[in-house]
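In the form predicted alone, a lone chain appears below as structure tokens.
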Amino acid sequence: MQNLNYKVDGQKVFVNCTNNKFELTVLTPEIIRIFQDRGFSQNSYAIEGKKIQTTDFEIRENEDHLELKTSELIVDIFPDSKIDVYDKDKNPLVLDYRKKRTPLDRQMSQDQKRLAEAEGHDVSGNLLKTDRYFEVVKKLANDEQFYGLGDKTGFLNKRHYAYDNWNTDNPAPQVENFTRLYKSVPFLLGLKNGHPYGLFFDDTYKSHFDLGKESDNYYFYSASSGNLDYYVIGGDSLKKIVENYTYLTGKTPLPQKWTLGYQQSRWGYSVSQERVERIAEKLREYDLPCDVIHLDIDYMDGYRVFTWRKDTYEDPRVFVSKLNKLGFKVVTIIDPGVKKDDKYGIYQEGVKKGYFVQNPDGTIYVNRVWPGDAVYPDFGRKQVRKWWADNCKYLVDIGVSGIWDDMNEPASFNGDIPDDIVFSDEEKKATHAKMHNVYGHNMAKATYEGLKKYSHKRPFVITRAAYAGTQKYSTIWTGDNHSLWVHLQMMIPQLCNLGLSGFSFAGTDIGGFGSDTTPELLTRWIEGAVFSPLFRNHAALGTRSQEPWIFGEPTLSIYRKYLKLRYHLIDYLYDLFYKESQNGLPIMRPLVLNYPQDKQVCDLNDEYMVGDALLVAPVVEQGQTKRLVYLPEGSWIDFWDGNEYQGKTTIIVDAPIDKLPLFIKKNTILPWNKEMTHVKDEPNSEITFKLYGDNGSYQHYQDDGTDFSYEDGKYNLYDINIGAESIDINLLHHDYPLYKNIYVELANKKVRFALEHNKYVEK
């Protein structure tokens, strides 16, 4: 073929076009990598381990293009380097745009532009222009929606908006015109005329997505530097796209069970042992189920990481043990900024071994964070990650159950870190410009490895900054939100898009971190977040306290009601995490993931689903006591009164201050736990399964909820089937203490099944 030739080597296809060359790699029938070497390292922080599956494909030379075909995708390659990707039925998925971009007309003269820039406004619309800049422009269909990109602000559907990938700590209240936050996840899910696809751009440099803001004819990705390296992901559903993406970047591992319980936090609690203990006592006094108390930066000695203050604490081991006996785990914060202090052991060792990032002249780079003058560990190096992991032993030995990584964008108080500061890209030298977006990722990985090595339990790490693939090592939260109704509203699309982006274990600060909450806002927030995977109330120093007892009644009773609902259904959440660890599908989901062909849910921002069975429609507006709820296809049962509704319709629901509109898909079985103050370490002796509808089936998973013995088969898998005439409980796998009794709750009776000779017999 004129002006186009190619060579096949295994599952790689090397293509030479008129003025360009690149390579395609067939990883699976549904995943194809497109790569152009622009002179940068090919190391990926998102994708670890070999991901290529033996895949049959064929190449055919057509008159004007080359066609690569797998069983699921068709890729057309043209002599001018344009690439079009279709599904196996030739439905267009990702097509290169053939015309020139038309920059957004901002209707400004050069004089007006200079004046605006002089006042500090960015009017260029592009922060990426460097000598290594590149862009990829794709054709945009009239009926095309976009999802994913992590926890960007705004609405669920990202069409017509533009975003940057540059991890940023911005303390201002986050609103929908924020183009960047703490995480960079350059993964986009699309629905083009109802046909799903995914695009993952694996580039750690500063990058930008314009998803139809500039034009209704195209969308584009651009980057300041790096290789052209992206993956086109196919699949017959949005769920399959998520499965394939998490096959590439990793799935959230099965967490410890207690991490799904309620978690209480406030910047300022940890200033003294007495204040923390008082919070713990209040939680138990007011019958508020809770598993975790977080300690913010106040517990440290002068904000020095891996230290514990002695002036307001006695022996921290005794303190943590005391909380453990009350049923509380302790999670402590650590920041990357190491105090510059010649008498401080962590700083001394890091300087001696050359573990901190450097100025171009080889001196250690110094900025300012909480401890004052501080230096930054060079987490891009394996030796530094191991050093950090080993230092985590200090906290594990005290009895700390989890570590909360903060300020790891990395944040800096004394101006932005310059792009030319020297960081490491594993064994090679790199710059801040390249390593900034994976700094938090590498810190989370180091923390994960330390907790795993020294606790021998499934690590519980929380990180603020992240990159694609960080879900393998850490749960996340959406950062410093505020006690604003708009932030309660934004919680749903943020957490749903994070779930679509691989981050199944995510949450937001209930009640809001900054500003002052109100009784109504806090109440609606605990209702709306009751099924968010990470379930934590957290507030900033100097804000109004937002523990529920502060507001008296009815706030306290309503708050308690929804904490108890969470604990009743904690086994359902754990079952979903077990499934997620295998298929990558999120726990908290937008309706479009379960019903992608339903046009009514493509832009639905104020409802979500928990797995396939629960539909949650929180009240997210002040003063609202009724709301419209859209129910997709099927039959739905109101959780509170048992009324049944047919789907594909919108209903009006009463929602007084104490009611969360909640619906269960008909013919669903849900596990239901007894009331508890916290998740116990010892195995439960019984469990109840509730049937909503006439019949149903359910698989329930059980293990010790803490360590890795499940990987060696130490778990139980129950299969529950309820029909019109019979109830069957079968063991699909068992190598862990079984329930002595299983109860099945039907509409008109409750049936007990007792364990006899490893079988369940109705009594």
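Quick note: we count residues from 1 along the sequence shown, nothing fancier. Since the model is a prediction, treat every value here as computed from it, not as a measurement.
Unshown form predicted together with a small molecule; subsequent notes refer to it.
Asks: Examine Phe306 and determine whether its closest non-hydrogen atom to the small molecule in the model of the complex is within 4.5 angstroms.
Replies: Close contact is absent here: in the model of the complex, Phe306 is far from the small molecule, nothing within 4.5 Å, heavy atoms only.
Asks: Using 4.5 Å between non-hydrogen atoms, is Asp296 touching the small molecule in the model of the complex?
Replies: Looking in the model of the complex, residue contacts with the small molecule include Asp296, since a heavy atom lies within 4.5 Å.
Asks: Please run the contact check for Ile333 against the small molecule in the model of the complex: heavy atoms, 4.5 angstroms, yes or no?
Replies: Yes, Ile333 lies within 4.5 Å of the small molecule in the model of the complex.
Asks: Please determine whether Ile462 contacts the small molecule in the model of the complex, using a 4.5 Å cut-off between heavy atoms.
Replies: Residue-level check for Ile462: no, no contact with the small molecule.
Asks: Exactly one residue in Asp151, Asp203, Asp480, Asp210 has a non-hydrogen atom within 4.5 Å of the small molecule in the model of the complex; which is it?
Replies: Partner contact (heavy atom, 4.5 Å) among the options: Asp480.
Asks: Going by heavy atom distances of 4.5 angstroms or less, which of Asp575, Glu144, Glu607, Asp406 would be at the interface with the small molecule in the model of the complex?
Replies: Selected option: Asp406.
Asks: Which of 398 to 406, 427 to 435, 281 to 289, 629 to 637 has heavy atoms within 4.5 Å of the small molecule in the model of the complex?
Replies: Heavy-atom contact with the partner occurs in 398 to 406.
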